[in-house]
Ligand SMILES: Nc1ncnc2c1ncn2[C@@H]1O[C@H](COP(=O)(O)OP(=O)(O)OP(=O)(O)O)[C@@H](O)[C@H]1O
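A single chain, nothing else alongside it, follows as structure tokens in the form predicted on its own.
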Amino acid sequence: MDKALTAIPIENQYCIDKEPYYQEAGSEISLYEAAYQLRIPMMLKGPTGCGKTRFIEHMAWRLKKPLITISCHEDMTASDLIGRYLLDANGTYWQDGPLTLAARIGAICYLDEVVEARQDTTVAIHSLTDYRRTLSLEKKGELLQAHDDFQLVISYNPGYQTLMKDLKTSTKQRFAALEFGYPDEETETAIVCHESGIDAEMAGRLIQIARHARNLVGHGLSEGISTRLLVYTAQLIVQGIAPIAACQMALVRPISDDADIRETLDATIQACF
């Protein structure tokens, strides 16, 4: 291994050097900072693509703390979070999982879309989210006391709630929560312009299409057009793609396969352009 890399403290390898762009929509920054000072576990609630991940990246940069992000999925096991023994030419050795590493070095650990993980896996975080702030490494015979700077943050999309796929109440009540939604028109315009380089007038047209689609949630759409998709569309237009084609490609086709919904949204796009 490169000696220069091994000389860098591991926590520095997870620090964010450049400020992630984030437009505050309310008082979420000050609220989160207060929660971090108390190391209260946090839940970020909101629809897909509304800025939850960008927010936690911005806060890690703002607080100058390392950030370890874990993308949750249904096949993720407790060992994937905590760690396991591995085998190499010299025998077996213990490899910390990302949750254990974050607890050791005092990082913010972000479990993205935690509802995707199996419930028997998320139970592993419980002892880190109460007064104990410990993690049991049973296979290693170690009870890890979390670093003073450690904080656990999860993101959660309430739109995915089902009888079979939801967080247990015993898990939810271990977190304080910040609720995120799509930004107001002025803020969303600023975000789209900054992230894509498009002009405000064109960004405004895209946002009008998105707002029309969001009104269809519960009437044929499970979720509306996200700010992320608006940025993709704007980037395509800046790249030289015709606005109508860019909107169909990045705003309509990803969110619905229903012919009637597509026809409705295509008509809205035609009206805007």
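Numbers follow the displayed sequence, beginning with 1. From a predicted model like this one, the values you see are computed outputs, not experimental measurements.
Below: the form predicted together with this ligand, not depicted.
Of R228, R214, R62, R39, which one comes within 4.5 Å of this ligand in the predicted complex, counting heavy atoms only? Checked against the cut-off, the match is R228.
Candidate from G224, P66, P243, G49 lying within 4.5 Å of this ligand in the predicted complex - any heavy atom: By the 4.5 Å heavy-atom cutoff, the listed residue in contact is G49.
I'd like to know if E195 sits close to this ligand in the predicted complex, meaning any non-hydrogen atom pair within 4.5 angstroms. E195: contacts this ligand in the predicted complex.
Against this ligand in the predicted complex, would E142 count as a contact residue? Criterion: heavy atoms within 4.5 Å. No, E142 is distant from the partner.
4.5 angstroms heavy atom contact with this ligand in the predicted complex for T264: No, no contact at 4.5 Å.
Can you tell me if Q248 lies within 4.5 angstroms of this ligand in the predicted complex, counting non-hydrogen atoms only? Flag for Q248 set to no.
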